[in-house]
Every structure is written in structure tokens, then in C-alpha cells.
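A lone chain, given as C-alpha cells: the form predicted on its own.
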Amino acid sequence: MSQNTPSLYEQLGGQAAVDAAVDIFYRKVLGDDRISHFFEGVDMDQQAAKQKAFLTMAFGGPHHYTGLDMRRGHAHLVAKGLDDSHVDAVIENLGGTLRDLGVAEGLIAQVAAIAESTRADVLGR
């Protein structure tokens, strides 16, 4: 990427857009019977803060993420049965969130590709 090409983070609208997207995303996730059970007992304020920092970094914004890597961060969920269908549901909810916010399909495809690139690590493969 050249210095003149805005990052995905910038194209999405920066921190305000990431913050809004994560808040809507988790409302969708917690309402999705396919995956909501993975968040039982989770402090959702902390979860959202970690997700905002991770997505900001993943989209090319400022790097303040200090959480675990994808493999270690999801190992306890794999032990509870996390599989490809659940990752598909997360990516679907992320895309739906961005559509709700009016994000262009090309940018949604870039976000989905980033999410897809973490699948093997998330599932511990």
C-alpha cells in the first residue's frame, strides 16, 4: 500500500466507525442462537474493547491490541465445539453489521477476507 492509499481502517471511517460496528456486531452475535452460547459469562464490555483494538489493528489503524493471538484466544472455545459453522456465522454477522452501517460491498469483502484469514488459527488448525 502506498502512502497515498488510505488504509481499510481509514476507508471504513476510522475509530468511530470501528466502535459503532463492534457495538452493533455484538448485539447481532448475542442474538444469534448459533453462536451466542459462546459468550455466556463473558464480560461484554471487555470483549468489545478487545475486539475494537483488534479490528483497528487488523484494518490498518493504530496498533493498541494487547490480547492473545487468535489460536490461544480461541482455544477454550474450540474445546467447547467451536467449528467452521460458527466462524461462518461470525463472518455473516460482521458483514451484516457493515451493511447496516452503509459500508460499500468492496470494503465488506476486504473485511470478510481479513476475518477469513484468521479461520485456521481461530480453529486451532
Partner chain sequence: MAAIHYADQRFELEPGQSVLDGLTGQGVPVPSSCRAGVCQTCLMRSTEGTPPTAAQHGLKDSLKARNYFLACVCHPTQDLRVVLPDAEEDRQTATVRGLDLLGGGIMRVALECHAPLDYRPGQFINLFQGTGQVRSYSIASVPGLDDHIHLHVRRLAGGRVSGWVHGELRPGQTVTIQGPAGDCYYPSGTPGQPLLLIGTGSGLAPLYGIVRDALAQGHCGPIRLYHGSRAPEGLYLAEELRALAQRHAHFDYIPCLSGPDAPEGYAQGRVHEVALRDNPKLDGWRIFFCGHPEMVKLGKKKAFLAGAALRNIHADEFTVGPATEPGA
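Just so we're on the same page, rigid core means the largest C-alpha set that superposes within 1.5 Å between forms. Numbering follows the first chain given and starts at 1. Keep in mind it's a predicted model, so treat the numbers as computed, not measured.
Note that the form predicted together with the partner chain isn't included here; everything after this is about it.
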Arg99, Lys80, Arg72, Arg27: which sits within 4.5 Å of the partner chain in the predicted complex by any heavy atom?
Arg27
Would Ala112, Glu116 and Arg119 all count as contacting the partner chain in the predicted complex, using a 4.5 Å heavy atom cut-off?
no
Can you tell me whether Arg34 touches the partner chain? I mean in the predicted complex, with a 4.5 angstroms heavy atom cut-off.
no
Is Asp84 near the partner chain? Define near as a heavy atom within 4.5 Å, in the predicted complex.
no
Does at least one non-hydrogen atom of His64 fall within 4.5 angstroms of the partner chain in the predicted complex?
yes
Even though the partner isn't displayed, in the predicted complex is Ala53 close enough to the partner chain, meaning a heavy atom within 4.5 Å?
yes
Neighbours of the partner chain in the predicted complex among 10-41 [non-hydrogen atom within 4.5 angstroms]
Gln15, Asp19, Asp23, Tyr26, Arg27, Leu30, Gly31, Glu40, Gly41
Shift of Phe38 between this form and the one not shown at or above 2 Å (CA, core fit):
no
Any CA movement of 2 Å or more for Leu55 between this form and the one not shown, core superposed?
yes
Closer or farther in the predicted complex: C-alpha pair Tyr65, Gln15 (3 angstroms or more)
farther
Against the shown form, C-alpha atoms of Ser117 and His63 in the predicted complex: closer or farther, for a change of 3 Å or more?
closer
